[in-house]
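Below you'll find only one chain, the form predicted on its own, shown as structure tokens.
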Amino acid sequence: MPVQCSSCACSRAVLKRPKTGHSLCKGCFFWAFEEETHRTITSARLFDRGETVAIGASGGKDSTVLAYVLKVLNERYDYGLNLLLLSVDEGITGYRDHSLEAVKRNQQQYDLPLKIVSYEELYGWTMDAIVKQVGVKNNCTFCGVFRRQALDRGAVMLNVDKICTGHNADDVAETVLMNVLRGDVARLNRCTAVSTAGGGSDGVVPRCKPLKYAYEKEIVLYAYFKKLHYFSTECVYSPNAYRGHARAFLKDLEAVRPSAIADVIHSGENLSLKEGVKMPVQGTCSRCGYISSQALCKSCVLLEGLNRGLPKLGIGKHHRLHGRILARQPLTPVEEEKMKTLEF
């Protein structure tokens, strides 16, 4: 027997919301999804009228839905934002080149300006070349660090006020779990923030996550029923990523308790540090000027290792070597041997 929409009671329901369990028709689902995103934006005061906002566009479902919804809400509620797309080309043959085609189609469909920055342009390396040197076990460390800085550099080039990323509720919950498992107190203390500070002389542009409370399944449903074009293939280098284990665990929890994703986020938001816990002091990198709690930022250390043929230099904790790296002093033969090879 057909189920009626629990919101309007006029149309036939086409889905059951993973987040709330409500049966909704397409129109009511679209409205609910968009209004919840609007509430996230307004309650956290993510934007100010007249700002130029760069949407981090990868061509995947999250950034595609984010770009579409922000354009809709900007027009519906007259945010007064100047929106544009910012993409990073990591240099992954057969993956990023195809996803960038999806971004270019979105640019035409949404009529938004597009800027693409590349690892090769910024760092002199592509991810394909990096993987040849470091293997597939630790490549996500390089890619994550470089991509974050590449977004900031692209945003500075465009002189934007804020960067919007498509991080959804699942992503935030996974990050909470990862930081708990790693005992990373500093990141755990800030990973649930819907926006980050910035705008100083360190080249960091403020970021925000309008889809922070949107479930991944609902983003997929929204894209499906809206017939949005996006690239859905998984990165060829990511199967061994640590995040994948947190994701699998979270999916098992969600199957038993659908509210588990929101519960994990809520727990992360309400965690507090006891007095006396020493936190890293934020400074700037002595080499490139980017934000860092050490003498050298992670990006510069990783690049130094790649350029010296010592890929392990940026993997793990090697802060004691930063002074010698800055002084361009050679490492001892024993140190070089330890830094040379990674397990493939």
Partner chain sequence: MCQVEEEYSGPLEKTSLPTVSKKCMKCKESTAVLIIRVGDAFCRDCFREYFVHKFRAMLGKNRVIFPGEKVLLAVSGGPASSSMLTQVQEGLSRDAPKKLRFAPGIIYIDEGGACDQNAEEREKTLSQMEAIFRKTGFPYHIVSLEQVFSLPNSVLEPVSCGPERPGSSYKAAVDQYLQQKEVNQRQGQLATEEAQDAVAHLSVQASQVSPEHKQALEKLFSSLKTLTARQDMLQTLRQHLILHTARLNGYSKVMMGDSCTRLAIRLLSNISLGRGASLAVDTGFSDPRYGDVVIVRPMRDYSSKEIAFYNRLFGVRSLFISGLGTKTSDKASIQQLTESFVIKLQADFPSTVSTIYRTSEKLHTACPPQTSGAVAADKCLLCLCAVCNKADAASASHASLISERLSRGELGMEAKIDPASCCPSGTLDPFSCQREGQGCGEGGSCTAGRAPAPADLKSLLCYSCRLTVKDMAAEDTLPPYITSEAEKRWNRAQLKEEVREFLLEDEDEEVG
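Residue numbers count along the first chain shown, from 1. The structure displayed is predicted, hence computed values, not measured ones.
Just so you know, the form predicted together with its partner chain exists too; it's not on screen, but the next bit is about it.
Of the candidate stretches 39-47, 57-65, 283-291, 303-311, only 39-47 contains residues with a heavy atom within 4.5 Å of its partner chain in the model of the complex. Residues Lys19, Ala32 and Phe249 are all found to lie within 4.5 Å of its partner chain in the model of the complex, as judged by heavy atom distances.
Just one of Ile130, Val204, Ile265, Val117 comes within 4.5 Å of its partner chain in the model of the complex, counting any heavy atom, and that one is Ile265. A heavy atom within 4.5 Å of its partner chain in the model of the complex is found for exactly one of Lys137, Arg148, Lys217, Lys104: Lys137. Proximity of Arg76 to its partner chain in the model of the complex falls within the 4.5 Å heavy atom cutoff.
Taking the partner from the other structure, its partner chain in the model of the complex has no heavy atom within 4.5 Å of any heavy atom of Asp161. Of the heavy atoms in Ser272, some are within 4.5 Å of its partner chain in the model of the complex. Contact annotation: Ser195 falls outside 4.5 Å of its partner chain in the model of the complex, judged by heavy atom distances.
Heavy atoms closer than or equal to 4.5 Å to its partner chain in the model of the complex belong, across 155-186, to the residues Val176, Leu177, Met178, Val180, Leu181, Arg182, Gly183, Val185, ordered by sequence position.
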